[in-house]
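Just one chain is shown here, as structure tokens, and it is the form predicted alone.
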Amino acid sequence: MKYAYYPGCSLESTAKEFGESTVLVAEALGIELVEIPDWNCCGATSGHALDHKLSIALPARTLGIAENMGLDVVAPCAACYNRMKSAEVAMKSDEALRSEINSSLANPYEGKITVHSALEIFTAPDVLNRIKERVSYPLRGLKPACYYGCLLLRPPKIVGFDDPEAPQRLDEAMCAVGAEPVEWYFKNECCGASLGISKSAVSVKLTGDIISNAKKHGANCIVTVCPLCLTNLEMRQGAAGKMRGEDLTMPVFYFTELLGLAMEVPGIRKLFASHLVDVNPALDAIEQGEPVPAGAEG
């Protein structure tokens, strides 16, 4: 199993732990990720906010390079995935637009490859079974609130690999490694990250609503697929707690970190030191259980 890997800007900067854990987990599962050479920014958020054709051309350039590689693309960041998938759909469905965009590209994109999210790849039935077989440190005692956010699920006509109103793929991944996802109401609500600078009070309120609901439903951590969501949920806990008059301290993980932890992939635990919120309370809850031999779970 081999994919053209698009890390995007965040996974090589503020979300390095997401990028590193994605690569480590893929290697452990026998999935080869070949980084797309000379990839460029997908344009989120500024590109598509300024010019529609630019928002298509930026991802299309990278898709053209990947198409020359003969490989489908995997884009872990939810925002990158959304922009890449939007460009794919636009280029495949609009011949005139495809011709116009391709006229300016050194590597035209003809629609022969497809864009996937990392969650989509890691929760494919055969891969999920492989994960279950590899679990040697089941995450019993971990009760994550699975937070999908906006961009992985919407618009459904473009992304469409999970139910936009009642998504399950992240929950399935957590169940596969022995965690107990909680049922809660905010798994697909916006955290307001894009308003973090222009309207920070709105972002603080939305973040507070999410964390508070997760806590009320028994979660001891939040797990997500989006670098911007994780940063927002970590950074704004103090301000959101002050606004609501609640203690909203809550560890937040990337789902690939937890997959790697359960499979005891070397190098995963060191990534937790990069988090802004202490993850040890959640890890302590896991470590009450006894590890089992690989393959015993599931």
Partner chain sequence: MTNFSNKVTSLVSENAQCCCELSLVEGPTGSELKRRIQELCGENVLECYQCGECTAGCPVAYAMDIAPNQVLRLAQLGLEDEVLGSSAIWLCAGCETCATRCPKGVALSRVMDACRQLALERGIKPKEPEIAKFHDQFLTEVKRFGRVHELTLTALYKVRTKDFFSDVFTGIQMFLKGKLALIPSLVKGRDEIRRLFSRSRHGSEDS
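Keep in mind it's a predicted model, so treat the numbers as computed, not measured. Positions refer to the first chain, counted from 1.
Just so you know, the form predicted in complex with its partner chain exists too; it's not on screen, but the next bit is about it.
K.L.:
Report whether the minimum heavy atom distance between R130 and its partner chain in the predicted complex is within 4.5 Å.
P.N.:
Residue-level check for R130: no, no contact with its partner chain.
K.L.:
S194 near its partner chain in the predicted complex, any heavy atom under 4.5 Å?
P.N.:
Yes, S194 sits close enough to its partner chain in the predicted complex that at least one of its heavy atoms falls within 4.5 Å.
K.L.:
Though only this chain appears here, would P251 touch its partner chain in the predicted complex if you measure heavy atom gaps against 4.5 Å?
P.N.:
It does not: once its partner chain is placed as it appears in the predicted complex, P251 has no heavy atom within 4.5 Å of it.
K.L.:
Can you check whether D51 is within 4.5 Å of its partner chain in the predicted complex, heavy atom basis?
P.N.:
Heavy-atom contact with its partner chain at 4.5 Å: present for D51.
K.L.:
Within 4.5 Å of its partner chain in the predicted complex, do we find a heavy atom from each of E120, S136 and N280?
P.N.:
No.
K.L.:
Looking at heavy atoms inside 4.5 Å, which stretch does its partner chain contact in the predicted complex, given the options 137-145, 202-210, 120-128, 169-177?
P.N.:
Selected range: 202-210.
K.L.:
In the predicted complex, which residues of 69-106 put a heavy atom within 4.5 Å of its partner chain?
P.N.:
The stretch 69-106, when checked against its partner chain in the predicted complex, contributes E100, S103, S104, L105, A106 at the 4.5 Å heavy-atom cut-off.
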